[in-house]
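In the block that follows, a single chain appears as structure tokens, in the form predicted alone.
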């Protein structure tokens, strides 16, 4: 079995990465790597399902031990991707999906050059502001910080392989699915199928020889 692909999905806070990831994984089989964070859980989020929620000391210890594939500080909290689970899944031939912040995505690109980087963008900054306000999870001051950060991050889009606009949810999910499935059809991933295409099935060949013999007798 060959090595899997590493897909890194990123985008501004509030752009809908979590919703896109959940819908995508209903349609495509992927190993989702859970991030570690020092921020408190939002309503409905579960430890070990959405994130590993840890304190600053635990995060710092993991960082010092080299346990992160990437890590970043974002709006007062730290985020990181534990390295070992990702490496094990890729070695098993599974495709791995990371849903992380932009800083972290660029770190992964440096460490894993073959990683496929997907940048999710809003239709506009005004729409992103609307979503952040309606989400009701941040103060107005924090929302302005997130919007300023989003403006800076959008300038980095050309460093990514794909851009997906999260305007109509189903269309954005379909775009992500096409990216995954297209990668699975590249030659290096299709090598087992190419090898099978060159094989001959003895039982089928015997049946075909009989058909050919009948055709010659006509």
Ligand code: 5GP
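Treat the numbers as computed from the prediction; the structure is a model and nothing was measured. Residue numbers count along the first chain shown, from 1.
Only in words, not in the display: the form predicted together with this ligand, which the text now covers.
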property	result
4.5 Å heavy atom contact, residue 166 to this ligand in the predicted complex	no
Heavy atom of residue 42 within 4.5 Å of this ligand in the predicted complex	yes
Any non-hydrogen atom of residue 146 within 4.5 angstroms of this ligand in the predicted complex	yes
This ligand contact at residue 119 in the predicted complex, heavy atom, 4.5 Å	no
Stretch in contact in the predicted complex with this ligand, which is absent here, among 22-30, 66-74, 154-162, 176-184 (heavy atoms within 4.5 Å)	66-74
Residues from 94-120 in contact with this ligand (non-hydrogen atom within 4.5 Å) in the predicted complex	99, 100, 101, 104
